[in-house]
Structures are given as structure tokens and as C-alpha cells.
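Presented as C-alpha cells, the chain that follows is alone, the form predicted alone.
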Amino acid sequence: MEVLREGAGELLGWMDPDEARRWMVEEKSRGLEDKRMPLREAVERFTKDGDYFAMGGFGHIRVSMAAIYEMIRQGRRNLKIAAKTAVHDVDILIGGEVVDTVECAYAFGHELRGLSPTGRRAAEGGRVKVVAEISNAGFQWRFKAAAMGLPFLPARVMLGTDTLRYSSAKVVKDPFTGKPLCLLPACYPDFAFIHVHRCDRYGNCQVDGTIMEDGELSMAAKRLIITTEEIVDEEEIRGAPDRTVIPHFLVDAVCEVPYGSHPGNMPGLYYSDEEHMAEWLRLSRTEEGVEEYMDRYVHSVEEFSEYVELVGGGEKMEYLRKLEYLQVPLEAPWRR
């Protein structure tokens, strides 16, 4: 195919699909193995400095915040993130000095809550670099190409935009129509965290509600760490096989972490903790405030259950559960 134009962005996460398949066969077991372990152990075993990684979920919804806090506690450094729709997660990672490189679809903001002081400060000061840009759909299709064992996926997104200019995509002449097509390179993250509603000890996962691109991401990631609200008996999973959105043979670790998406939203279980997010946005206006937040909520605890107690424990979580079902009024502290 004739290449008409190329984006100037750095190509991250790409592998020859045959090499990727060989790696998966050699490094990942397909057997029914008990993969339960503490989150601390999973982070120690399956993440390392300099890795390129992705988070499941979308925006502030169903993101494994427990995994993010654990990476900060363990002092991970120089990681590169596939920031497909990254908001509070990438902000905390930057504040915790875990991430220094961003491939960006959407980041450095908190949606209606406002822009991120931490992310903006880090990007403007050069401590964090944006090395490529891509659309939300483009990121999903990069994972899909990897899941399909293809080197790229053709699409018609980004054509004629500056997003293409700063991406790692290429534009080619379609041999059938002669029209331009955008080729989105496959993306194989070194690891990914996905937070789910429930799974069994083997890693067969169920998600209530939309799964976004997590199906494709689970097949693309070289290492997949599942954090889950609860581990259930395999018979419960087998009783509804159509609801298994991530099968066990893709999973490397299963970590039971109730409320693991806090302060984000877990559909059907708890609403986002707007009071806590407002506290972060207020403190993160200064580096001293970021340090205060990390000392209070990350470094002062050994595991996520202690963090949950710090932010209000069972009483706060019951309030967020009622809020999810519109049983109590929502206060909006970020508007004050």
C-alpha cells in the first residue's frame, strides 16, 4: 500500500503480532489455576519501572484506583500510560511520580470538575511528556487490532485532523477505492489493570453494565491483573456463562479489593465520592498539597482497606451506595 502521510507521534506498545502470539503461548497458562493473591504481590510480580500500561474502565468509572495507590506505595517510576480516557487515575499517578510519559486520547482534566492542577503543572514543566495523541475510538481499535492478531486496523477516524498529525498512525491509499485510510497500529501494553464487579478464583470475570474496550484490552495486554469487588464461587460464574466478559486464560492475577474503584464510580454498587475528589483538587493546587494527600491517603496505610476506613469507612460507602440509586441528594462540593 502507498503511504500518503505519517503521524509524528512516538509508537508505543507495538509488537509484531506473531511475536506477541508466541510470547502469550510461552508466558501465559491456559489452565484453570487459582490466581488469587494480595494486590501488593500482583504489583510486585507483574509491573516494573519503565513499563507501558493501560487501565480498564472509563473516565471516573470502574477504574482500579486500588492498583494505582499500590503502585505509588511501591515506588514505581518512569511508567508510560495509554491515557485513553484518563482523568483522576492519571492525575494521581502523576502526583505520585509513577508516570512520566503519556500517550493521550483524553487526560489532564476532571470533566465537569475542572482541569487538573497536577497534570497541567507536570506537562507545562516538562516532568511529564505527551509523546503521541490519538482519538478515543482510535485507542480502542489499537487494542482490537492486537486482540485480532493484526499489525494494524484500518479506519476513517482522524483523517484531516491535527490529532492524526501527532499520532503514531499512518495514512495509506486504499487499494480498492483509491481513497485515504488511517492505519491504527496494534497496541500490546506490558500490563493492564481492570476492575470488575465479580470473578472466580481462576479469573473468569463479570461486569455489570458496559465493558467499554476492556474486552479488547484484556486480550491485548501481556499481563492482566484483575481487581474485583468480590471473588465468587466458580459455580456462580458457570451458571451464567454468557456474562463472562473476560475469560480466565487471559488473567495473571486475581485480587479481591472491595470498593477498589473509590473515589470513582462502580455502576450499581457505589457512586463517585465527590467530596474526596474535591479534596484532591483543592490540595493538588500546590506540590505541598500533593505531598499532604499522598502522606495522608497512600503512604500512611499498608493496604486499600485501611484507605477505605480513612475516607469514611462503611458509613461513607453506604451513603455512596444510596447515592448510586438516587436515594439521597447529591451535594456538589466542587461548585462551592
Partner chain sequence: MGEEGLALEYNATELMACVASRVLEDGKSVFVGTGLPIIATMLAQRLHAPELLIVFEAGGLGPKLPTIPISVGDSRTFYKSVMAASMDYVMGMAQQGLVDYGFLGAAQIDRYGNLNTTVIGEHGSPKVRLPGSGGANDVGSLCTRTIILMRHDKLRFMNKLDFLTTPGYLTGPGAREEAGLPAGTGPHRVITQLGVMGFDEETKEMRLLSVHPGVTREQVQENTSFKLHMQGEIAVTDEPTPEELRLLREEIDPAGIVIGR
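Bear in mind the structure is a predicted one, so any value in this text is a computation, not a measurement. Numbering follows the first chain given and starts at 1.
There is also a form predicted in complex with the partner chain; it is not shown, and the following applies to it.
Using a 4.5 angstroms threshold between heavy atoms, residue 258 stays clear of the partner chain in the predicted complex. For the chain shown alone, residue 61 is a contact residue for the partner chain in the predicted complex, at least one non-hydrogen atom being within 4.5 angstroms. Taking non-hydrogen atoms only, residue 166 approaches the partner chain to within 4.5 angstroms in the predicted complex. Of the heavy atoms in residue 271, some are within 4.5 Å of the partner chain in the predicted complex. Of the residues 213, 252, 229, 89, just one reaches the partner chain in the predicted complex with a heavy atom at 4.5 Å or closer; this is 213. The single contact residue among 157, 245, 150, 219, judged by any heavy atom lying within 4.5 Å of the partner chain in the predicted complex, is 157. Of the candidate stretches 188-196, 90-98, 68-76, 157-165, only 157-165 has residues with heavy atoms within 4.5 Å of the partner chain in the predicted complex. Judged against the partner chain in the predicted complex with a 4.5 angstroms heavy atom cut-off, the residues 106, 130 and 324 are in contact without exception.
Residues of 20-39 include none with a non-hydrogen atom no more than 4.5 angstroms from the partner chain in the predicted complex.
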